[in-house]
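Quick setup: one chain, the form predicted alone, written in structure tokens, and binding and motion questions come after.
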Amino acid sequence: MAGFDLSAAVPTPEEHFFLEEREIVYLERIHELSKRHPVNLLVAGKQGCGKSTLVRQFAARNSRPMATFQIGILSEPGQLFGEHRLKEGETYYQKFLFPQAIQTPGCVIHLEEINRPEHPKALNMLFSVLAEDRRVWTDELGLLQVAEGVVFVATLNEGDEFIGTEMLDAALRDRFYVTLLGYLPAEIEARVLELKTGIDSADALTVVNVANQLRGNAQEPITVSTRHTLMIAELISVGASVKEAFINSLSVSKDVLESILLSLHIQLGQTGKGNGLRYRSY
């Protein structure tokens, strides 16, 4: 990453990203606290509910540079900082972006999926940079001091349904302020779909109502993220029916889906002879 100006890497604000007013106020307080002393924030919640977007928005709204690091690829301590490599028979140390990021004043450092490292001990060196004194020693780089105003924001999916995740170490979790993201209220999620994909308000509300029925199904609950409702709305925006869009976007039983559509008094659109399937040259 030589020559890369991280201080200029301020993300572009995301259009039509909705948060509760109290959540916005909370993030503004995190920003203010970061001017006084080191601050770390942990964002937890269901997949696809906007955790990564929240991190980008926090950086964009406050004109901060941002760097994202995938924790899931880490297999040993110190790997964020760099690694030894072999070139023409000689070993050298390749410095990565992380040391530059932590030394960039005001940088937002996104630690993505912090509970999914390949090896739990790979997180050990994070304890030092997340601590109050914000410094870490490596044999290759010497003493590194985290710059003023740097905010570490970790995101995670947590629960038995997420393969490869670990319970976050209690001592590590204790270093973070915490916020939890959930699904948006139906009317707000529908508004997001309408604004982002251009479908009409009735179709948008239908998508959200069906998604909420699937989310709350006692027999066979299905996680339908806001990311997925956007994908469904995009299919509808180019001519798919609600039923087609859900079937093509989710692993959902047709019987369950048809039951929900009928309960919401939505026409299934299945008319004609035979099985209703038509084929044409592609």
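The shown structure was predicted, so the numbers you read here are calculated from the model rather than taken from an experiment. So that there is no doubt, residue numbering starts at 1 and follows the sequence shown.
Same protein, other form: the form predicted in complex with a small molecule, not shown, and the subject of what follows.
> Can we say 51, 192 and 230 each have a non-hydrogen atom within 4.5 Å of the small molecule in the predicted bound form?
The answer is yes; 51, 192 and 230 each reach the small molecule.
> So in the predicted bound form, does any heavy atom of residue 22 sit within 4.5 Å of the small molecule?
Flag for residue 22 set to no.
> Residue 175 near the small molecule in the predicted bound form, any heavy atom under 4.5 Å?
No, no contact at 4.5 Å.
> Quick one: does residue 258 come within 4.5 Å of the small molecule in the predicted bound form, counting heavy atoms only?
No, no contact at 4.5 Å.
> Using a 4.5 Å heavy atom cut-off, state whether residue 184 contacts the small molecule in the predicted bound form.
Residue 184 belongs to the contact set for the small molecule.
> Please pick, from 196, 134, 116, 95, the one residue with any non-hydrogen atom lying within 4.5 angstroms of the small molecule in the predicted bound form.
That would be 196.
> Quick one: find which of 23 to 31, 64 to 72, 219 to 227, 244 to 252 has residues within 4.5 Å of the small molecule in the predicted bound form by heavy atom distance.
Going through the listed ranges, the match is 219 to 227.
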